[in-house]
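Next up is one chain by itself, shown in structure tokens, the form predicted on its own.
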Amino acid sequence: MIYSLKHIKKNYNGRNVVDIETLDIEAGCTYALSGPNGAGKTTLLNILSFLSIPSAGQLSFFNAPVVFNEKNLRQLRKSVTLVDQHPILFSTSVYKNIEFGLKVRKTPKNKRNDIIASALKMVDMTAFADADARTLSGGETRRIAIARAMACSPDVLLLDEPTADLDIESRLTVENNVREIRDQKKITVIFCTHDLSQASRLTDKKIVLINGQVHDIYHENIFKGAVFSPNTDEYYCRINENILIPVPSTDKDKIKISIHPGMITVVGRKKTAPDISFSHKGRITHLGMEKDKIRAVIDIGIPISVLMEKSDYDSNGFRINDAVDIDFKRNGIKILG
């Protein structure tokens, strides 16, 4: 294991932001770190990058207990690079931005050019070597920050929300960068994300934090709405004017619900039987493999993440942009609050 955490706590103002009983992270694997806002994800990344010292507990790195003194931490930080959600580049050229970390590590000057060229090629930014970093777009800045991190040949790459606030094209490009690092460099990668479909596209290893604690599952398809009950036997959560989701009986006026992605029926519009009344019409916007299942994202006016059996996918011949009908199974819907 590259990391082993036991009884790790991080306390701020009397509150445990991170409270992890045990967590082992394998070397050479890619992990998605997910959880709601305030779950402690960024704090955990700071602990793993040796930028923040736990309030209690034991952290091991490459099976050796970490000694939290400045000399030891300074050495460990050379093995781990963290790319912040909003990375800051120096007001100079892209080349010099990437060269900075190599200078700090006293990499010989005659080797720097090849290392920088390789890092830029990895993120498809070779043509930007001489560009002023201040002129880059948000997506380009993320890619250069990743190149700068990878130029240092880390054992661990930590990415805090690497695609947050990016347009679709830039997001897919950064995802491809992460995928190439995963496949080619064989280093440990931990990326923080709110996008569970993105997590599934890039890895099947997930760490879920809720209130600073590691959980086995994380609720998906979370929505808020007002309760609508046309009679005493039927209850719905009204997400918006056009979307009603069937829910268990409740005495609340407003609720938050989660819909299990494996408890949603999807049928191609052309195959819908005339005697079946499906709840909503939508369009497929994403398809990807997740272990032995297919994950789809369907836009019904809100994005719905679905897990379907491969046999269902094959029999329907689903493709991106296909029109579909979906129905929610009541036992797959939970009221969270």
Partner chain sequence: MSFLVDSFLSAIRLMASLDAALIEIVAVSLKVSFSSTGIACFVGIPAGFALSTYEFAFKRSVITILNTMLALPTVVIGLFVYAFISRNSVFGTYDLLYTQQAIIIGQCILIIPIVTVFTLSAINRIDKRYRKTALTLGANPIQTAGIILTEARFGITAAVVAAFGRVISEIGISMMLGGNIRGFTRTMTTAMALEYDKGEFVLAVALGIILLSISLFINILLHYFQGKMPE
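Numbering follows the first chain given and starts at 1. Fair warning: this is a prediction, and the values are worked out from it, not measured in the lab.
Below, we turn to the form predicted in complex with its partner chain, even though it does not appear here.
* To do: Considering only heavy atoms, tell me if A27 and its partner chain come within 4.5 Å of each other in the model of the complex.
  => Output for A27 is no: heavy atoms all beyond 4.5 Å of its partner chain.
* Looking in the model of the complex, any heavy atom of L82 within 4.5 Å of its partner chain? -> Contact with its partner chain, yes.
* To do: Could you confirm whether G139 comes within 4.5 Å of its partner chain in the model of the complex, counting heavy atoms only?
  => G139: no contact with its partner chain in the model of the complex.
* Is there a heavy atom of K78 lying 4.5 Å or less from a heavy atom of its partner chain in the model of the complex? -> Heavy-atom contact with its partner chain at 4.5 Å: present for K78.
* Any chance I255, I264 and N331 all have a heavy atom within 4.5 Å of its partner chain in the model of the complex? -> The answer is no: none of the three residues contacts the partner (heavy atom, 4.5 Å cut-off).
* Among I187, M122, A129, C152, which has any heavy atom within 4.5 Å of its partner chain in the model of the complex? -> None of the others qualify; the residue that does is C152.
* Which pick from S305, N46, T285, S279 sits with a heavy atom within 4.5 Å of its partner chain in the model of the complex? -> The option sitting close enough to the partner is N46.
* Using a 4.5 Å heavy atom cut-off, which stretch among 163 to 171, 239 to 247, 109 to 117, 85 to 93 contacts its partner chain in the model of the complex? -> Single hit among the candidates: 85 to 93.
* Residues within stretch 94 to 113 having a non-hydrogen atom within 4.5 Å of its partner chain in the model of the complex -> Result: F100, G101, V104, R105.
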